Ligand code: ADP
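Single chain ahead, by itself, as structure tokens, in the form predicted on its own.
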Amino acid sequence: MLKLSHLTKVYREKGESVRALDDVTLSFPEKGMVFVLGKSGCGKSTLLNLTGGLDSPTSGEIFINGRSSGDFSPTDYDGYRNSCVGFIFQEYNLLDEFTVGQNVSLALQLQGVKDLRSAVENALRRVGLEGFADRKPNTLSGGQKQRVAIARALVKDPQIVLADEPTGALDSETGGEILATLKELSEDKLVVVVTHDREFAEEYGDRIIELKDGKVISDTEKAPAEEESKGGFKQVPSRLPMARAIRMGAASLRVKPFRLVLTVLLSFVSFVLFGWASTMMLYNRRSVLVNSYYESGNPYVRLEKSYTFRSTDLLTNETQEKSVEGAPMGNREIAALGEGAVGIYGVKSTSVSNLIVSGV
């Protein structure tokens, strides 16, 4: 069903290359519980993120029911994550502003499912939380929150369940209960669990894969692998209803009101400063004066002055002319215009009333 072929993932940190996964090739059955062990930094979470389509490999391919990820478009990855894979995270990632039922139903809303209530109740029943749909996450214990996260992953009926350190924030007893729940789910699904707890892996795992420095150093199976399926996989593009998206956005604004107010204030100041700077950069005193007078409704006469320069070459006796149009008028010329000496500056009209001329 799921096959990883020569997967390599390289990250860049401070100009240096970090090889998180190094040429990993693995095949997984259609169902069963597989544990991935290793110390921190060995590539466990990277392997899970690549398998779930949350990240893309530097090189190599992932085959899902015979189809290569090399042929996936962004829409294909979205459909794969939305319909084929259920994620369970160590920190639960629940929305405290919404009820348990609303948190679980979010995965169904992304698929466009209409009948949410019955599906949510069935998922909660499977994890032992029947009747918890109307409770808020902050009223639950850590183990109950993790069960809600499992229900959220199961409600869309995925083929693969990926769990990243699902017992890391729980005590050993509660962690054992969570893994027992995942073990039951592995009877008809593929459950891949990333953990550092070898004891749990030995007790619940059908297969244990151990990583070190991005490489597989051990791969032990307790039972024979299932025959690989050749069928395709369903794709359901994610579409969150507008009403739910608005509610989620509004709820998130209430989480940190001080930061929201500070962000709005800084944004307002930034826009004001940007507008002021743009105005100062584009300001032209002459254009403002001219436009203001034009818009005032007063009568006016447009006067322009031009110069013609003539020069004679003493060797060839050739004369050259150069004209300058639109030259500004000086104070003496403006004063002369005000005294009525208009004609000497080339103005044909002999009667100009209410004439205002400004020199620039």
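We number the residues from 1 along the sequence you see. Since this is a predicted model, take the numbers as computed values, not measurements.
From this point on, the text means the form predicted in complex with ligand ADP, which you will not see here.
Looking at residue 26, you'd find every heavy atom of it more than 4.5 angstroms from ligand ADP in the model of the complex. Interface membership of residue 70, defined by any non-hydrogen atom within 4.5 Å of ligand ADP in the model of the complex, is ruled out. Using a 4.5 angstroms limit between non-hydrogen atoms, residue 40 touches ligand ADP in the model of the complex. In the model of the complex, ligand ADP sits beyond 4.5 Å of every heavy atom of residue 65. Heavy atoms within 4.5 Å of ligand ADP in the model of the complex are found in exactly one of 314-322, 26-34, 42-50, 57-65, that being 42-50. Interface residues of 266-281, taken as those with a heavy atom within 4.5 Å of ligand ADP in the model of the complex (partner not displayed), are absent.
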